[in-house]
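What follows is a single chain, given as structure tokens, in the form predicted on its own.
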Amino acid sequence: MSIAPEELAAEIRAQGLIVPTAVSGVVAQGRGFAEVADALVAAIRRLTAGVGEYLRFGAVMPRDQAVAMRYFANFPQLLGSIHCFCGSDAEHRALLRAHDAGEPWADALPPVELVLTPAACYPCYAILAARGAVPAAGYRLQVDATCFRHEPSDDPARLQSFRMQEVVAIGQPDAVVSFREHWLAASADFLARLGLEGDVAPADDPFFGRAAAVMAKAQRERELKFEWRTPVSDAARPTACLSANYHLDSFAKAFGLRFDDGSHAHSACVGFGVERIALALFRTHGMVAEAWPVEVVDLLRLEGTPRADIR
């Protein structure tokens, strides 16, 4: 039984599926939600099992890679920088005195060599570049990571920390675009089989600064980004649960991903927002996963249900 998008936040909290913390956009997942999210991750892995090499990343990546990808330049409002204390005993005592006196103390924790990972595929490009020339057939990957974007919100579909799964292609332009088109269609079909209704539309990223509007317009005109959207917590503003991106050769140039002839590779990715899809499932089918349509339960292989192969 579906519920109105505007009622979702209150209902999932009342059911203990998601438990808010003191910080907007940071939550704990109750057992029911966590089991659905884990089942969804496993189902996406089965769906994409034949793509290629599998890489799972943690929540952090090298700072210099984010700089090389111009994330600082384009999305400074979203990036999470990691700061740690690296001082002496005397400096530690000074830090404690400042803290206890209610004085500023954060300057004692300088930035280190890490940032929080903004997108699952970001750490993979430097790894592949270190292998040498890109093979003629390119690379195909499945990538999984815990991601962070600084977007404080009470909207349960806009978390600051979330899990993302992607399929990634690096290679010749035509092959990369074909990969994106195939996996956008296959992924949208997968979501339809989960009983979710949505549509694919051109989109743009939330660029920062005076050039933001120009960059967003160019991204749409060149059809570099598409999203699959469905109403999750706001009927008037559908939520993107799936994103399909064509990076041209920007990431390849950042890390020196070249073919033997010296030309730069192109790259593309299709990413699943795990928590957003899980929320869409609860909104569409109700708060009790065991009561969902049997074809959805089978597809996700939820515990205590028939085990159907989705491939």
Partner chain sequence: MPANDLVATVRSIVAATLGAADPPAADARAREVAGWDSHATVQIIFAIEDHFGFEMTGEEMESIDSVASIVAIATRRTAMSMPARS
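Residue numbers count along the first chain shown, from 1. What you see is a predicted model; the values in this text were computed from it and never measured.
The form predicted together with its partner chain exists for this protein as well; it is not shown, and the discussion that follows is about that form.
Checked against its partner chain in the model of the complex, the residues Ala101, Ala213, Ala136, Ala236 give one hit for a heavy atom within 4.5 Å, which is Ala213. Only one of the listed residues (Ser187, Thr117, Gln142, Asn74) places a non-hydrogen atom within 4.5 angstroms of its partner chain in the model of the complex, and that residue is Asn74. Contact annotation: Arg70 falls within 4.5 Å of its partner chain in the model of the complex, judged by heavy atom distances.
Lys217 belongs to the set of residues with a heavy atom inside 4.5 Å of its partner chain in the model of the complex. Checking 91-99, 217-225, 193-201, 143-151 against its partner chain in the model of the complex, the stretch whose residues place heavy atoms within 4.5 Å of it is 217-225.
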